[in-house]
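Have a look below at one chain only, the form predicted alone, in structure tokens format.
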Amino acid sequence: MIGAISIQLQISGSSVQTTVRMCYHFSRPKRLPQMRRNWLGCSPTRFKPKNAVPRHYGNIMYDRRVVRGNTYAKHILPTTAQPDPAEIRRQQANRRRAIARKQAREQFRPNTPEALEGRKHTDVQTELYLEELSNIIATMDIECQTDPFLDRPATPLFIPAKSGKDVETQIEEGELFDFDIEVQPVLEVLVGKTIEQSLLEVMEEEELACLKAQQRAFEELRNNELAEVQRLQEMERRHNEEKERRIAQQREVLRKEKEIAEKIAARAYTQQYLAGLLPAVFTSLRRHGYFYNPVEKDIETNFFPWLMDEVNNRVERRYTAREILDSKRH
């Protein structure tokens, strides 16, 4: 194992980077760790026979036959139990549904169109920082062998080797810095910036006041324009309502005139049609006896039949009398 240590020092405002490379190498033959004595203080090989074959123990955490974690929630079936057919069918149905969903997602997934003739698709990286992709995995072999049951000593404090020469000097008061002289430009800057900021704030307040005044004037003008627009809209609405009312009245007048004209035409046609119909109807009704003179009707229905009966009776009596007289003569 080879290591290097880099140390960066800062001396008197200047940066000095010192790299101290300490090369070391450690190597020891591989061997199995010695068996620890048990709590009785005796070696575990004390009761073993001399010809016993040493066993190699492995880590049971990587043994597949060992169950790791909580086993309360695990449903372990006994070796003699038969699987449930309903559970098997349900698992098969779930598997078929999962396969169908996967096929549907692959079918509706938007695919990349085919490349044009003479071109081909190439996979590129779209990340912000590109990195080299390689199938070769960088590996490194590291070996380490520790002493049996020895504590690691504390790491000694690293003290770099001293380099260069120590130099010192003496600076008297007032040689490098005079506060009254050095503070004047700082005060000028502070006062100037304060006055400038004050002027900017005053100008900003005046500008805000002007903007508010313009906004108030604009709002008043807009309100007046809105009121005028509302008045014009109301006037237009009244005009439209009056126009619609006049149009409705005119339509009603035209409809009534049309109805009157149709009635007059129908009456004239009726009068013309009934002018020759009424005499014919009355003549037919009179001919069929629906219209008659009561005296004439009474004479025809009552007097004439009675008169004819009386005449027939007298004629018959006269014939009878003549027959009787003729019979007496003979």
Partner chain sequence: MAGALTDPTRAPVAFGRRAVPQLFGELLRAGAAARLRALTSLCDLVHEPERLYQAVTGGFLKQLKVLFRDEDPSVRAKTCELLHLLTSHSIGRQAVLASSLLPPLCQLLDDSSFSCRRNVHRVLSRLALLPAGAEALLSLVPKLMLKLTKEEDEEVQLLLLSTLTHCSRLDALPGLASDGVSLLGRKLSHRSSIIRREAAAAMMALSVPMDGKRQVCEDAEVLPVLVGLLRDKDVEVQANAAGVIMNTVIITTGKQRCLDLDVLPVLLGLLSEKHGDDDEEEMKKRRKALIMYVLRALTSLAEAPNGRRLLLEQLPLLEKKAEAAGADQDIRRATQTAIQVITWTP
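Residue numbers count along the first chain shown, from 1. Note that this is a predicted model, so its numbers are computed, not measured.
Missing here is the form predicted together with the partner chain; even so, the following discussion is about that form.
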**Request:** Tell me, yes or no, whether residue 239 is in contact with the partner chain in the model of the complex, where a contact means a heavy atom of each within 4.5 Å.
**Result:** yes
**Item:** the partner chain contact in the model of the complex: residue 214, any heavy atom under 4.5 Å
**Value:** no
**Prompt:** Does at least one non-hydrogen atom of residue 187 fall within 4.5 angstroms of the partner chain in the model of the complex?
**Reply:** no
**Message:** So in the model of the complex, is the partner chain close enough to residue 234 to count as touching (4.5 Å, heavy atoms)?
**Reply:** yes
**Request:** Within 4.5 Å of the partner chain in the model of the complex, counting heavy atoms only, one of 97-105, 111-119, 219-227, 129-137 shows up; tell me which.
**Result:** 219-227
**Fill in**
If we test each of 260, 253, 200, 88 for a heavy atom within 4.5 Å of the partner chain in the model of the complex, the one that passes is 200
**Prompt:** Pick from 191, 208, 247, 183: which residue has any heavy atom within 4.5 angstroms of the partner chain in the model of the complex?
**Reply:** 208
**Request:** Pull the contact list for 110-135: residues with a heavy atom within 4.5 Å of the partner chain in the model of the complex, in sequence order.
**Result:** none
